[in-house]
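To begin, one chain is listed below as structure tokens, in the form predicted on its own.
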């Protein structure tokens, strides 16, 4: 009979402890945001996928097609190609594709880019149901921003 009352007391003690925690958190501010009607402000240090940087003088990408970002990427998600035009000394960027499905956002490509031609974007809402939406042509995106 004494075990019966001990179990009741133990259960009541556990219930009171749980209800105390519930009441304590009931009066604290809400952390959940009702997305998509409300969104959070992204912190300054947020790192999204990479994007090309424009040269402020010419409006063209700063990329010199050295391929260091492609070589530094551990997951092999960057494809860079350039063409040598007649009369030009340097290559001109013709293709810069990011496969975001395999990108780990490690930052090796940004660190290895000596001319500072790529940076992390501030874009965070990349939800999609199609795999093709995550293969991003960064050169085309840069040209569309003009």
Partner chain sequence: MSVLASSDCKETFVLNLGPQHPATHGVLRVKLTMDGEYIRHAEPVLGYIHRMHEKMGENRTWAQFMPNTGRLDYLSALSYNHGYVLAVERAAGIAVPERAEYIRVITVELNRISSHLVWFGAFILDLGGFTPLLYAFDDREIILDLLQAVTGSRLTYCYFRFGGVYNDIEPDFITGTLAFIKRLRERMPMYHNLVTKNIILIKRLKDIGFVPAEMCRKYGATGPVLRGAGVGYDVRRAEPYSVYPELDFDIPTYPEGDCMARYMVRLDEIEQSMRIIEQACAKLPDGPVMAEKAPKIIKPAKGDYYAAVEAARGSFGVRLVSDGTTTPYRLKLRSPSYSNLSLFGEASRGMLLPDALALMGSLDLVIPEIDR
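Residue numbers count along the first chain shown, from 1. What you see is a predicted model; the values in this text were computed from it and never measured. Throughout, rigid core stands for the largest set of C-alpha atoms superposing within 1.5 Å between the two forms.
Beyond what is shown, the protein has a form predicted together with the partner chain; the following relates to that form.
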property	result
Contact test in the predicted complex: residue 92 vs the partner chain, heavy atoms, 4.5 Å	no
Close approach of residue 43 to the partner chain in the predicted complex, 4.5 Å, heavy atom	yes
Residue 111 within 4.5 Å of the partner chain in the predicted complex, heavy atoms	yes
Contact of residue 81 with the partner chain in the predicted complex (heavy atom, 4.5 Å)	no
Those residues of 104 to 143 which, in the predicted complex, come within 4.5 Å of the partner chain by heavy atom	104, 106, 107, 108, 110, 111, 120
Yes/no, residue 32 Cα shift of 2 Å or more between this form and the one not shown with rigid core fixed	yes
C-alpha of residue 122 moved at least 2 Å between this form and the one not shown on rigid core	no
Core-aligned CA displacement of residue 43 at least 2 Å between this form and the one not shown	yes
